[in-house]
Structures are given as structure tokens and as C-alpha cells.
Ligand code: TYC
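There is one chain below, alone, in C-alpha cells, taken in the form predicted alone.
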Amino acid sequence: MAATQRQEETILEGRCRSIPRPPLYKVFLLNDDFTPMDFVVVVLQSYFAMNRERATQVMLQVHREGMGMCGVFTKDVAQTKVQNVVAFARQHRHPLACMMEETE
């Protein structure tokens, strides 16, 4: 007597659900009268992966306009960048300020 096995098929139906994108946040550096421009360029290169030319452009924007955007990130990444930049600035005794705001 031979045993027969019956294989059952399971069909999974895909449901198209729209998953909302996480909100994005802009990260800015704020101008002050004490942080050297070269230090700001180093921060932009180190923490925001900018080349020297782009970092210099953003640094000049910070200097002339009072603030400059460093990038747009998810909330956790933006918060980490702000914390790391501020900690690095304080470690080098500079009052450089970094902030984030939600995009519209």
C-alpha cells in the first residue's frame, strides 16, 4: 500500500497599501561671530559629506544670510547630525549652532 501525500497550495494575495513616507527635516547651521569659517567648512565636509567647494558655498551663505541648509534627512538622521555637530563644535570650544525643522 503506497502512501500518497497531498500538497496544499497557499496563495497569498497582495494588497496594495500605501505606506506614507516619513516626514523629512532640513538641517541648518546658524551664523555666529566667533566660529571660524574654516571650522564651518570642516563641519560641512565631515558631517554632511560635502566637497570643499560646496562646503565653502554653504559656509558663505551661513555667514551672509545668517543660516545655511546642510541637507534634508529623516527625523532620526537629522537629530543625530544636529547632536554630533553641536558636540563637535563644543569639543573645539566654538558656539556653532545647528538646528532642524520639518519640511512642508
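Residue indices: 1-based, along the sequence shown. Small disclaimer: the values here were computed from a predicted structure and weren't measured.
Same protein, other form: the form predicted in complex with ligand TYC, not shown, and the subject of what follows.
Using a 4.5 angstroms threshold between heavy atoms, His63 counts as touching ligand TYC in the predicted complex.
Although the partner is absent here, Val72 sits far enough away that none of its heavy atoms falls within 4.5 Å of ligand TYC in the predicted complex. Ligand TYC in the predicted complex comes within 4.5 Å of no heavy atom belonging to Ala49. When ligand TYC is considered in the predicted complex, Val77 lies well away from it, no heavy atom lying within 4.5 Å. The partner is not shown here, but in the predicted complex the stretch 35-55 reaches within 4.5 angstroms of ligand TYC through a heavy atom at Thr35, Pro36, Met37, Val40.
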